[in-house]
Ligand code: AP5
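Given as structure tokens, the chain that follows is alone and in the form predicted alone.
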């Protein structure tokens, strides 16, 4: 089973994906966590993507597709994988579709979190304070929101045209309230 958790920056994708991983016994593959880990380790990939992420820009398609291509086979073992933060462009979605087709798989479901933008900005600024996330400044957040609206929203339409199961969930409220909505929608 292959699922995507989808939503704008700060919508709670990582929080909910971790809960879904535990509940469904599905492997959570977070490209954001992966990339931040590479930055923290100071790897060549980390140095390359660190500058991009600090500016609020999306990591180039070819680079992020390569990252996913190397990690997806391990993530698919067992019940399947839940991808968080990928795909972010239609080109990435097409690359994912091709990777999955090679293995006889496809995207089975998408959980799309919906949260008003003003609430997202506040969440991200609060997270930056708590976690020391230097990629969550007000200017970077504004750029990430523009990128999301410009490029990432089209990914949902890509999968909608394919007939994928898209579950739109109100992402406001406590993490427990949001998870209850997701759980109810998936069952």
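Not measured: the values here are computed from a predicted model. Residue numbers count along the first chain shown, from 1.
One more form of this protein exists, namely the form predicted together with the ligand; it is left out here, but the text below deals with it.
Participant: Residue 123 near the ligand in the predicted complex, any heavy atom under 4.5 Å?
Facilitator: Contact with the ligand, yes.
Participant: Consider residue 71 of the chain shown here, and say whether it contacts the ligand in the predicted complex, taking contact as heavy atoms within 4.5 Å.
Facilitator: Taking the distances in the predicted complex, the answer for residue 71 is no, it never comes within 4.5 Å of the ligand.
Participant: Under a 4.5 Å heavy atom criterion, is residue 32 part of the interface with the ligand in the predicted complex?
Facilitator: Yes - in the predicted complex, heavy atoms of residue 32 and the ligand come within 4.5 Å of each other.
Participant: Please determine whether residue 144 contacts the ligand in the predicted complex, using a 4.5 Å cut-off between heavy atoms.
Facilitator: Contact with the ligand, yes.
Participant: Could you tell me which one of 156, 39, 59, 26 places a heavy atom within 4.5 Å of the ligand in the predicted complex?
Facilitator: Checking each option against the ligand in the predicted complex, the one that comes within 4.5 Å is 59.
Participant: Quick one: name the residues from 85 to 120 with any non-hydrogen atom within 4.5 angstroms of the ligand in the predicted complex.
Facilitator: Residues within 4.5 Å: 85, 86, 88, 92.
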